[in-house]
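Below are two forms of the same protein chain, given as structure tokens: structure 1, then structure 2.
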Structure 1
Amino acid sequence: MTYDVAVLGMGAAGLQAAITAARKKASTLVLGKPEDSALWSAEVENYFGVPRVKGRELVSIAMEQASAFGAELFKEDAIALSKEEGVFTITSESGRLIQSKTLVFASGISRKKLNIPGEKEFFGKGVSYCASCDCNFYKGVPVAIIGEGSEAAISAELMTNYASRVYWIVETPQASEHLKERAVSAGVELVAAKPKEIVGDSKVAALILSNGRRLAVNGVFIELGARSSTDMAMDLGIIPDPEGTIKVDRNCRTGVEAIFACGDITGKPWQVAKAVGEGCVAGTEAAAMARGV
């Protein structure tokens, strides 16, 4: 089946978009992991009509609300997006293919920095945040990938085509079994530890782990979280600004047909009220476009 509206992100903006779209009788699917949303771990005290509440409570209620209106909730991240003949195809991390007439980016702003010694000093000298950009510079040398989600799994698999050895430093993998298996069968070595320090002289020479182990690597790829939406947005012709935000008009349109964006991903203020407001607009607009009304 082809959904009317597919929403990427299960936080305040994404769930409000889903509630609004589903209530307007649009067939709606929301992808994402609610615990990855900024709201999940927040304590909210400045949201209209609610004196003080835990973010996760708001998210849980909104998930029930979205379901009650008929939206389908799918707790997986998207790892690829494409568009053919006016229909979007979303690949989820378990390999499920989902088709939709419209797309709503509500996946927030991702945290990319690890904040360990050596990370800043060696940026561009062996430390990279973009395996797909810099893979070619690491032909035949050992590298480490740091991260727990789909971005790290995909990057680790990619690097096996270039590097002599690929270590994936991951204590508690959050990526799907499907992605993990793909990485391992490509030759990625999983190392269950936390990264502690990146060391070297003028370039990266090793990664020190929390268990004291020293991995001799020339490249350290920091790929935290899910595959970033800005990266996938670019596959569809949206060029985010350097902060990773996607520009929208007052109808939450991105400038690329049938793609909307709402919430933190469109820029500050990073507030629940703004996310919910934009989610409502994006959900309304996407539903109307998909249903031709």
Structure 2
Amino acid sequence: MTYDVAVLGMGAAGLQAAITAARKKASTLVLGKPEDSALWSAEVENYFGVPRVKGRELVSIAMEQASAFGAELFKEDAIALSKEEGVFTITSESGRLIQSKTLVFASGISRKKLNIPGEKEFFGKGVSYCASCDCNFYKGVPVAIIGEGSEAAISAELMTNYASRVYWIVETPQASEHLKERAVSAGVELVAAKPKEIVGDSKVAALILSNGRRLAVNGVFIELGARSSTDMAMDLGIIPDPEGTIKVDRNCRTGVEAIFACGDITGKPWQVAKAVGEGCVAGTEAAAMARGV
């Protein structure tokens, strides 16, 4: 089956886009993990008509609404995108291949930080938040990947093509078994511990773990979530601005045909009201394009 609309992100913008598209009778799919959205852990008190509510309550209600209107919700991350003959192919972390006529980016832009000693001091000197961006700088040297989700698993596998040794620091893996097995098969060493400190002189020399182990590494990649939307957008020819946001017009269209974006990924203000409004516009426009109305 080829969906009319595929939405990446299960937060306020993505779920509103799905609700709107599904109500327009477009076949709609949403991929993402609701607990990874910025809204999930937030306390909301400035949203129109709602005096105070927990973000997860809004997300849960919106998921029910989207499903009730016919949208399908897959609670897994997208890890790769491609387009051939006018149809997008999405690869999910479980290895599922999904096709869609239009695509809506709605998964935010935040780069989560560890907030451990050495992280800030060695940023750009061995500490990176994007393995796919900086992999070429670490040829032939040992590196550590830190993170529990799909982004860390993919980055660990990727770095086996460049680094002399790859450690994946992960206490409780959240990535799918499919991605975990791929990383291990590629030669990644899993280390069950928490990162404690990044040390070195002018650049990274080692990673100290909570169990006292010292890993001699020259690169530390902090990959704490899903593969970012901006990384995947670049695979389709969309170039984010220096802040990592995607420019859109008033109809939430990007510079690439049949691709829309909404929510935090389009820039400030990072508010639920903006996310919901843009989600409505993006869902409406994507549905209309897919159905030719």
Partner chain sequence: MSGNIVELTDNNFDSFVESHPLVLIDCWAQWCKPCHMLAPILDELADELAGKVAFGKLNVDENPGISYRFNISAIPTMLIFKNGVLQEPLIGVRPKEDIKRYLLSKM
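What we label the rigid core is the largest C-alpha set whose atoms superpose within 1.5 Å from one form to the other. Each residue is numbered by where it sits in the sequence of structure 1, with counting from 1. No experiment lies behind these values; they were computed from the predicted model shown.
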Which one here is the form predicted in complex with its partner chain? 1
Does G95 show a Cα shift reaching 2 Å between structures 1 and 2 after rigid-core superposition? no
Establish whether a shift of 2 Å or more occurs at the C-alpha of V141 between structures 1 and 2, with the two forms superposed on the rigid core. yes
Superpose the two forms on their rigid core, then report whether the C-alpha of R214 is displaced by 2 angstroms or more between structures 1 and 2. no
